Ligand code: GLA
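The chain below stands alone and is given as structure tokens, in the form predicted on its own.
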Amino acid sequence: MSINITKAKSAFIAEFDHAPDTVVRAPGRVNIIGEHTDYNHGFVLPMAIENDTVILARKRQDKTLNACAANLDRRVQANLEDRKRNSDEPWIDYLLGVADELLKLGKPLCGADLFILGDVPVGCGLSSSAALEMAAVRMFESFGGFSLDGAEAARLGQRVENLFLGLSTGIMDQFISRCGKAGHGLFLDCRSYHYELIPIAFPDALFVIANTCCARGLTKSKYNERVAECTEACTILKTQLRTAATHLRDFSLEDLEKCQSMIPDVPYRRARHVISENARTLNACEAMRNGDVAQLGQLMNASGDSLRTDYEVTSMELDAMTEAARALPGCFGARMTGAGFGGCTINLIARDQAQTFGETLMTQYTQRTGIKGELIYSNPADGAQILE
């Protein structure tokens, strides 16, 4: 985390004329492997990163949220008893949505003076929104004297996006932001919500995140297309194999091959990605447990290739970043991460070559695209915490 809490406290005092009662943080995340599997009830393997959203807060005696978003230099007041979305200041909707879901659970809430800041890049697929939600949950827990189970807090965050904000999102981002642990990835079954912390024990390698600095372009229509194509393939598989299965997660590549002649080409390729990606995610967990950097890198490469050819969610910039990275010394594997059509890549790099790798990658990316990229070096971080 690059945020100086002492300076943030001084800024809070300058804004509100008193000191904060509590300071909370929640991290962004990067997905190591397991892309576009969540809404197919599959498996994901993200890690929390060392970039956070931080909320400094002081309890109020009324039901007002008096909030300042420092990064945006924006201010707004909202009433916890009248939780309406704000089209002018949409960032406050995340906190109101959290409050709305907590009140449904009967949790005690109070108003607060809030100072929000962070170093999670926005709009590039590192889940700044989930970090804000999970930081808000921690803040309300601190003031209300209650504590949610980690999985329950994650499900609450997903409901905020699905019900309050009207966004069709999975649960991975909230789960890792709340439940992440330093030195670990988090394997999550998106059907059962069973999760396991997987040690990332690579003394000679680390993950480097490369931001294309092209905002994600996976529009709602493209997202809905992919969901519909997966549903079409699943329905045909279910009918042909006479099974009660409900999602692509329930089928094997052998099942898919048996029914290939019955499935149109595009849904077939979408299904092939999802089914093979689930297998790759399970294998990646095993590689991480064994400290097998080379195997994990190969799985990341295979995932990236599948996302490009079968799922078709990369972009010219993502492809340029990935291709350049794979050709550089010290790179075990590279792939796009997140929804696609922009955002970031994740790269598994030999630790002693990471600095040279990053500098060369940025130079080559700019030469290929004319765009200046951005690097984030991060170890796996802890999930949401009350700092003070």
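In case it trips you up, residue 1 is the first one in the sequence shown, and so on. Just so we're clear, the structure is a prediction, and the values are computed from it rather than from any experiment.
Missing here is the form predicted together with this ligand; even so, the following discussion is about that form.
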Item to check | Among the candidates Ala78, Ile171, Ile198, Leu256, the residue which, in the model of the complex, approaches this ligand to within 4.5 Å (heavy atoms) | outcome: Ile171
Checklist outcome for this item: Note: exactly one of Ala69, Ala339, Ala320, Ala354 sits with a heavy atom within 4.5 Å of this ligand in the model of the complex, namely Ala339
Checklist entry - Based on heavy atom distances of at most 4.5 Å to this ligand in the model of the complex, which listed stretch, 61 to 69, 324 to 332, 346 to 354, 36 to 44, is the contact stretch? => result 36 to 44
Checklist entry - Using 4.5 Å between non-hydrogen atoms, is Tyr268 touching this ligand in the model of the complex? => result no
Checklist entry - Phe251: heavy atom within 4.5 Å of this ligand in the model of the complex? => result no
Next on the checklist: Would you classify Tyr223 as touching this ligand in the model of the complex, given a 4.5 Å non-hydrogen atom cut-off?
Outcome noted: yes
